[in-house]
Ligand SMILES: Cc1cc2nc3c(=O)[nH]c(=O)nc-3n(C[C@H](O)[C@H](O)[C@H](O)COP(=O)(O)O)c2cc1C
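A single chain comes next, written as structure tokens; it is the form predicted alone.
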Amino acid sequence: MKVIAFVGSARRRHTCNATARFLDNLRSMGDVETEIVFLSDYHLEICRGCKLCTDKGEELCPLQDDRDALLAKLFAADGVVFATPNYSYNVSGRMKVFLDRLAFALHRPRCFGKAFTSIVVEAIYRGREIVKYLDFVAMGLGFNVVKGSLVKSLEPLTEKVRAANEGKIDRQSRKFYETLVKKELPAPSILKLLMFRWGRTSMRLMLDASFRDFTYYEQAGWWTADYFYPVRLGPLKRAVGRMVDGAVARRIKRQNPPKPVAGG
């Protein structure tokens, strides 16, 4: 199994150290190959918002940089870690640029059965919101998410804080390893089901075969599927799915009323 950690800090200090400990733990637990990818070592341009990747296909992105090399690593891995310092109460700039360039995969998720977790390093405040953000993005990509960890880095670092940080990373790595080896395709939560049905119905009613999202869903067989992958849904979730489909259809109809017929 291969686990890739994408690190959004150019400094080889707290974020790097926490990530290295996490990966060391994984290797001690089983046959796991690991790699740390420092985003600062790659050339990534800022998304221009042209929407070619979402509308027509990610291969048409006009930016000539290292995005595809990073995507190849991410999609080939069995497990992924996003690690970032807290910069201005959010992920680092490098990490945000990377996530923005993944927008197409949030439209067309493909990381099912794979494990994900996050590591956020901060001195003072708001790191928990960053953990939630990264874990939510990973859920949208299809990962099985292990709740991320918040590591403190206020200097001078006391032995008590250091021990607490290491304890968090050790517990997180054990949970991650369990998720990694299981490779489960769990039944979706109500939230995940809602997101699937809302997105699918919107695409079916608003797009056509000239859009990559439309053809991707069609080729994957998702127009008639209960979820992104085969699952058994109980009566409640089936009812929720139908309700979401109806709500989306009514919303789209209100926003796009039929044009009056000339001379009618």
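Predicted model only: the values in this text are computed from it and were never measured. Numbers follow the displayed sequence, beginning with 1.
The next section is about a form of this same protein that is not shown, the form predicted in complex with the ligand.
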{"query": "Residue among A163, A103, I124, I190 with a heavy atom within 4.5 Å of the ligand in the predicted complex", "finding": "I124"}
{"query": "Contact stretch among 86-94, 111-119, 72-80, 181-189 - heavy atom within 4.5 Å of the ligand in the predicted complex", "finding": "86-94"}
{"query": "Any non-hydrogen atom of N25 within 4.5 angstroms of the ligand in the predicted complex", "finding": "no"}
{"query": "Contact of R11 with the ligand in the predicted complex (heavy atom, 4.5 Å)", "finding": "yes"}
